[in-house]
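Okay, here we've got a single chain as structure tokens, the form predicted alone, with questions on binding and movement later.
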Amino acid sequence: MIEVKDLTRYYGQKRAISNVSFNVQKGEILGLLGPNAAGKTTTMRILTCYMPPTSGTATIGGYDIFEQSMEVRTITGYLPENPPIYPDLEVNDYLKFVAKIKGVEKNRIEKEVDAAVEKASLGDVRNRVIGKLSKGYKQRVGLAQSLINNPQVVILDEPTVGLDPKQIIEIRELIRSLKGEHTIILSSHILPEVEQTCERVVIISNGRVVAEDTPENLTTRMRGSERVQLEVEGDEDAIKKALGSLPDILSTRIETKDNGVCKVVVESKSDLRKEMAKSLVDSNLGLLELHPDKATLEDIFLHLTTKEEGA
């Protein structure tokens, strides 16, 4: 649905992004992750035809952002970091205005506004003045305007910035509800936002793509091995013997022991959780807990961006 190839953008002598490339599949939610000033907003502005790149190209729905920018705008909804709302208008009137400037046919305007209001859960406030709404509802209005005319692609720049925890959860659930029906690019520097909303992430640092994959695959690639935490009741030597006899075990470490219960960390070349459990039980050791210990998206982000900054 979206193909981005070697996008580069300069502001004067300052390079904002450099050779940015990635793809987004139809119906996918992609997270564009990076620290502040990494180049996320510049990339989104280029994709929405708000500004041209210095070099490189991109297509959205098969339309080229250079040659067919009007077609790109027709199938794309955009929510910038600061929602483009008119505080003196009522929600319903504002969305009708947006529908008109997006070229929606007159006999379809009411239907499109109703659909956007329903998707953004604005039914209770559709006749209220935007300026008197809470920040969370204003953000919903901004999201609703991006959904007018049912665009194939929705691009959201920091959609939860400045919201309280309850409002963040509401907007996050709303975005997830759009999956499948719309292809979504979501930018953020808030790690839980991306981890809980997006299926795949592109990490940008200093204007360059430093990683692109699912959070799970990035975790595996970063660590290079499987790590499991266990709580086992029994003798330390017996635990090490039971686990050390398995193939592909790289290390077995007893971290703590309290009242006969050992906390153990095991690293292996492959997923051996089933084999670990069987070996411990066969050795008459009490297995109280076993769970994978994966690197978090925060670990991955800090590793990649810190490495990039030091390059």
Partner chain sequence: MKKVMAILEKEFKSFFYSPLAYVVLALFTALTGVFFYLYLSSFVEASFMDAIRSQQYRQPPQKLNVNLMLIRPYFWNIALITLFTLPIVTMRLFSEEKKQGTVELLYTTPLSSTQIILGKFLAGLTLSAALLIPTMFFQGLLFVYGDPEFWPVVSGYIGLLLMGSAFISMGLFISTTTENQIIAAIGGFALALLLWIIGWGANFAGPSLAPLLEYVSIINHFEDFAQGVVDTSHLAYYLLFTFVGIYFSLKSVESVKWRA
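Positions refer to the first chain, counted from 1. Since the structure is predicted, the reported quantities are computational estimates derived from the model, not experimental observations.
What follows is about the form predicted together with the partner chain, which we do not show.
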Inset, instruction - Classify residue 100 as contacting or not contacting the partner chain in the predicted bound form by the rule of any non-hydrogen atom within 4.5 angstroms, answering yes or no. - result: yes
Inset, instruction - Look up in the predicted bound form whether residue 160 has a non-hydrogen atom within 4.5 angstroms of the partner chain, and give yes or no. - result: no
Inset, instruction - May I ask you to state whether residue 216 is within 4.5 Å of the partner chain in the predicted bound form, using heavy atom distances? - result: no
Inset, instruction - Tell me, yes or no, whether residue 188 is in contact with the partner chain in the predicted bound form, where a contact means a heavy atom of each within 4.5 Å. - result: no
Inset, instruction - Given that the partner is absent here, state which listed stretch (165-173, 73-81, 204-212, 233-241) has heavy atoms within 4.5 Å of the partner chain in the predicted bound form. - result: 73-81
Legend entry - Answer option from 246, 277, 51, 254, heavy atom within 4.5 Å of the partner chain in the predicted bound form: 51
Legend entry - Residues of stretch 138-176 in contact with the partner chain in the predicted bound form (4.5 Å, non-hydrogen atom): 145
